[in-house]
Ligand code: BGC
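The data below hold one chain only, encoded as structure tokens and taken in the form predicted on its own.
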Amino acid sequence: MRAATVVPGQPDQARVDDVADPAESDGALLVDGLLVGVCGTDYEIAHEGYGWVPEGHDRLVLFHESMGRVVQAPAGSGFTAGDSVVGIVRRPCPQRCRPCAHREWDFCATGDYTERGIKQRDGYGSQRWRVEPDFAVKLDPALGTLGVLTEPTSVVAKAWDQVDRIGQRAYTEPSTVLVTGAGPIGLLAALIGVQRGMQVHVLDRMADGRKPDLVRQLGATYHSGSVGDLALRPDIVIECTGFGALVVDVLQHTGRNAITCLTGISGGSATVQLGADALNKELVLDNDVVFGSVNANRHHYELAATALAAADRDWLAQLVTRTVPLEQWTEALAKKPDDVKVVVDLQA
């Protein structure tokens, strides 16, 4: 079978290879890989050297955002042939630290977890793959190929789940959310906010085009420019850009008792001058909470699958702006101006 493979940090080595069929030891479910989603992490692995190949291998099968169809499933697994599924990315550490032992491997305390397509495990970028039933999530068949959006949705489903948990600290009624960034993560965060009945505002640098239209179609409000220009003091912020200057700006323009979740990772080395004492004073006196969130566990994938099943299919379909066949998968790493989510068709 064919698979997208890389040597981390060597973009000239990114290619399609013939690889062996997946071993049964990889998992009891045999799955036809249909689509994979492309994100910044895949670019960082191929071009910048992030990522680790499996032990004893010299190449990594790429991609962690999956969608496939079950070919074989053992009795009692909860799956049958023909089911649409996604594979979970992270696996718990061998020490089974306290979070991993409680199925919250996204909070692994040792750092010895592994991840499909990222860290010491081959990814889902092959025409067939295997997965353990505990690490597969069944999708609503009506979603079709839009199930490829499940993994990025799980990231923001976790963010919202953590906001809920933190919100239990006080008797507050948050109603206004600001999402910074209108990429796929930001748009999916806005989707969940709208589904919760909140007043959703999305801030991005694009003044017009596809992204503002997608926000407005959700019934949310789109803004371009700076946070300081907004007549808005949000109760909740889901920050999806990882741009350090914007993060600092956001923290100075939230409402009282605000909760800010940081989901983006800063890729640069820019420095920002700020009044640290004034910012500290504001965070303390306003009872604000700022926290980071990465990865997701099974519960968040299930929340994501539910959110996608409830979403408007026509709106979701507009998020997938480009589909690249497997044999040309490296083209998917070159981002185009109007891209939202690019996917690779593993069977084309």
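Counting begins at 1, following the sequence as shown. Fair warning: this is a prediction, and the values are worked out from it, not measured in the lab.
Beyond what is shown, the protein has a form predicted in complex with the named molecule; the following relates to that form.
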| query | finding |
| --- | --- |
| Heavy atom contact within 4.5 Å of the named molecule in the predicted bound form, the stretch among 236-244, 157-165, 89-97, 193-201 | 89-97 |
| The named molecule contact in the predicted bound form: Leu232, any heavy atom under 4.5 Å | no |
| Exercise: His64 in contact with the named molecule in the predicted bound form, heavy atom 4.5 Å | yes |
| Contact label in the predicted bound form: Val320 to the named molecule, heavy atom within 4.5 Å | no |
| Cys39 within 4.5 Å of the named molecule in the predicted bound form, heavy atoms | yes |
| In the predicted bound form, the one of Ile118, Val177, Leu139, Ala258 near the named molecule [non-hydrogen atom within 4.5 angstroms] | Ile118 |
| Interface residue in the predicted bound form among Val71, Ile265, Ala109, Met206, criterion: non-hydrogen atom within 4.5 angstroms of the named molecule | Ile265 |
| Residues in 277-311 close to the named molecule in the predicted bound form, defined by a heavy atom within 4.5 Å, in order | Val294, Asn295 |
